[in-house]
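Form predicted alone, single chain, as C-alpha cells, below.
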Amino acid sequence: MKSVDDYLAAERDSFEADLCELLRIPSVSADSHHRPDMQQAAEWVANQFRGLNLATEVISTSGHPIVYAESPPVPGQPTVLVYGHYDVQPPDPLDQWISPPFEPTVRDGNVYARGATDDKGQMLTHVKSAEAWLKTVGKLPIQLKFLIEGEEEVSSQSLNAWLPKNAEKLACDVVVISDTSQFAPGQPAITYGLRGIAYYELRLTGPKQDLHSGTFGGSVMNPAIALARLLSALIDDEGRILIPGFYDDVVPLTQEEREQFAQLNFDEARFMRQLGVSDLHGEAGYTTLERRWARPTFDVNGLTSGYQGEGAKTVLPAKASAKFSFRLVPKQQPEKITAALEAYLKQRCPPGIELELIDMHGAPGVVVPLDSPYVAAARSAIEHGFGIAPVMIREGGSIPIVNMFREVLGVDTLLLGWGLDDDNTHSPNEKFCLADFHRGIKSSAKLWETLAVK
C-alpha cells in the first residue's frame, strides 16, 4: 500500500489537472443544446478507463451514453461496482457566479465549477485510486466495475431501462457511491440511510376562464383559495402529516441511533446562520438532525396561480396548481402514500373545483445494516485517508438508484461522501475542497485493500 500512497502524493497536480479538464466540459443533461458536450464527457471518462487497460464500453441509449468499465476478476475476492455520473445541473443563474461555471477556478483551496462536487470530482476519486493500484502494483486486489451514467440529474431513465437487462454483467457484492457529504469540515462520514420521496403536482380548475374578482368574487370558488386550504390540510402546526395511515409503516429510530445523533457535534446556531434563517421548525418531539435524516416530511416545492406580473390585476383565477413532495423513511411505500393522499384530497376538495393529482415520481427509503463487513472496511479505509474515523449518519435526500441496485442486484450500497454541505450543489458557485478530493482518492485506494478477503 505504501507504493500506492506514494503514487497518490506524487500525482496530486496531475489529478487536479484532470479534474479541471473534465469540469470544463459543459455536460448539462437537461439541455438538448449540450448533447455534443454529453458525448464528449462520456468519451473523456471512457478514455480514463482505456488508459488503464480496463475493458471499456460507451453504451448508446435513447438519451445520453452510459460508460461501463471493468478490471479482471480476482479469484476468491469480492467484486465492487462503483457508480457515478458525469452529467451536471444547469448553471443558471449565471450572474450569481463569481467565476464562470465551466472555467474551473481555485480559490482558498477549493475548485469552483459546475459539477465539482456533484458528481465529477467525487466520481473521479475512484478512477484515480484504481489508477494508483494499476500503475504501481500492476493489478487491483479486488475486481472493480465502473458504471458512470449521463442522466442522473434528469431521473436516469436510460439507466433504469438498461440496468435490469444487464444484471448479470453488473453482478457484484457491494456498490460504492460518492455523491454525498461529510458530516462537517474535517469530519468524514458514512451515510447508512437515505430517505425516499413521493413527488406530486396538484392541479385545480374552477371557472372556464379568469374572472373579474369584483364582479364574480363571492359567487365562485376561487381555485387559489381551495389550493391553499388543501395544502394546509396536509400538515398541522406541530409538523405532523395528517393523511390517514401516513405513519403506519414508519420504522422509529432506535434509542442507539438517537444517542448516536445526539453525540454528533451539530451546531444549530451555525446551521441557522448558514441557511440565513432566524429559527428552525419541524415535527415536534425530534431534534433537527432526526427530522432531517430519519423522519418523514412534507414540503411545497412550487405554487402557481393568477396574475404574477407587475402591478395589480383584480383577477379570480381559473386555475391553481402546486408541486409538493413527501420525504419518506424506510418501509413507507410511495404507492400506498399516493392512494391515501388522493382519497384525502378528494374528500376535502370543495364543490365547483375539479381536482387532478399527478404522481410524478417516487422511491422508498433505504438503510444499510451497521454491522455489515463492508461498512467496517469503509470505516478503516476512511480513517486511513482522512486521519480520523468517520461518523455514521443518515441523509435526508434521495438517491433512487440505490433502491434499484438493491432490487435488481440484491446488494447494499456504501455511500461515502467526500463533499461538504456548503458545496453549493445545484446552486451558483459550486465547489469542491481539493484537500478532500485527495483524501477521498486515498480513502478509495485503501478501500480496495480493506475489502479484499485476507
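Definition used throughout: the rigid core is the maximal C-alpha set that superposes within 1.5 Å between two forms. So that there is no doubt, residue numbering starts at 1 and follows the sequence shown. Just so you know, these numbers come straight off a predicted model, no measurement behind them.
The same protein also has a form predicted together with a small molecule, omitted here; what follows describes it.
Student: Taking the partner as it appears in the predicted bound form, which of 396-404, 383-391, 48-56, 62-70 has residues with heavy atoms within 4.5 Å of the small molecule?
Tutor: Contact criterion met by 396-404 only.
Student: Hey, in the predicted bound form, is R327 touching the small molecule, heavy atoms inside 4.5 Å?
Tutor: Contact check for R327: yes, within 4.5 Å of the small molecule in the predicted bound form.
Student: Would E257 sit within 4.5 Å of the small molecule in the predicted bound form, counting heavy atoms only?
Tutor: Heavy-atom contact with the small molecule at 4.5 Å: absent for E257.
Student: With the cut-off set at 4.5 Å between non-hydrogen atoms, does H85 touch the small molecule in the predicted bound form?
Tutor: Contact with the small molecule, yes.
Student: E342 near the small molecule in the predicted bound form, any heavy atom under 4.5 Å?
Tutor: Output for E342 is no: heavy atoms all beyond 4.5 Å of the small molecule.
Student: Is it true that T180, I197 and H426, all three, sit within 4.5 Å of the small molecule in the predicted bound form, judged by heavy atoms?
Tutor: Yes, the whole trio is in contact, each within 4.5 Å by some heavy atom.
Student: Sort through D210, D359, E153, E290 and report the residue having a heavy atom within 4.5 Å of the small molecule in the predicted bound form.
Tutor: None of the other options qualify; the answer is E153.
Student: Return yes or no for M360: a CA shift of at least 2 Å between the shown form and the other one, with the rigid core superposed?
Tutor: Comparing the forms between the shown form and the other one, which are aligned on their rigid core, M360 does shift its C-alpha by 2 Å or more.
Student: Return yes or no for G196: a CA shift of at least 2 Å between the shown form and the other one, with the rigid core superposed?
Tutor: Indeed, G196 is displaced by 2 Å or more.
Student: Would you say Q157 moves between the shown form and the other one, meaning its CA shifts by 2 Å or more once the core is fitted?
Tutor: No, Q157 moves less than 2 Å.
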